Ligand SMILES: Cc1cc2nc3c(=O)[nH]c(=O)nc-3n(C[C@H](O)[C@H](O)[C@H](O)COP(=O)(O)O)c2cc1C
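Okay, here we've got a single chain as structure tokens, the form predicted alone, with questions on binding and movement later.
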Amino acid sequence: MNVIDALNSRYTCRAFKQDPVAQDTVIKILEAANRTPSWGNTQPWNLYVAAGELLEELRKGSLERFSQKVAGKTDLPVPQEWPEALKQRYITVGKERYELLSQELDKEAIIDTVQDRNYRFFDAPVVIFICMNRNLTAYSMFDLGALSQSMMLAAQEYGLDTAPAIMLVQYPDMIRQAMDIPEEEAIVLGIALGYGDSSSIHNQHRTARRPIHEVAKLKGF
């Protein structure tokens, strides 16, 4: 698969099959993503990959906390408000997913169903937790974003789907203990990895993108 095809076909997978992912395949994806450029080749990322029984314990713990209404507390603060244009796009995608899911699910149960899927890590067989030292700045965060995209594109090469989600790291204390992550490292993001279930309604939605003339201003051509 070439890079353009990978960019166009990638989507956020919210329902995975139970098929396991071979460790060798995961390593190949990580090795490819590890070629991501970073400021001064600092390579500020550390990766912790959970699968098997360990991941099931994390999944169980996440669901238990959610059912007990334990509020998540991510290592990095989440936005409290968005500029108006971004806010409207956020609202739009929520409405679109709600309308799609209402075709199969009771409308009163949609929110609970979506939240349940979030806290069970979309049933993915692998979750990659991306971390960096707490003392680093937003410039290193940019490097982690580039790494995440590289990882998701590399996964496409092996027929795997992904879901980058802040919901995967709502309970960092639990993840830190299970994965032996040092306290000085912030758990920034989780990426669920596996074979997407194309039959699930949770995987039918595709988000729109702004036309490029609204995104970019080209001059001097």
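The numbering used is simple: start at 1 and walk along the sequence shown. These numbers come from a predicted model, not from an experiment.
Another form exists, predicted in complex with this ligand; not displayed. Remarks below refer to it.
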| query | finding |
| --- | --- |
| 4.5 Å heavy atom contact, Ser140 to this ligand in the model of the complex | no |
| Arg10, heavy atom within 4.5 angstroms of this ligand in the model of the complex | yes |
| Partner proximity in the model of the complex: Asn118 to this ligand, non-hydrogen atom cutoff 4.5 Å | yes |
| Exercise: Gln23 in contact with this ligand in the model of the complex, heavy atom 4.5 Å | no |
| Interface stretch in the model of the complex with this ligand - options 89-97, 105-113, 69-77, 128-136, non-hydrogen atom within 4.5 Å | 89-97 |
| One residue of Leu63, Ile27, Leu47, Ile166 in contact with this ligand, assessed in the model of the complex (non-hydrogen atom, 4.5 angstroms) | Ile166 |
| Position in contact with this ligand when the complex is considered in the model of the complex, options Leu189, Leu58, Leu160, Ala186, heavy atoms within 4.5 Å | Leu189 |
| Contact set, 135-159 vs this ligand in the model of the complex - heavy atom within 4.5 angstroms | none |
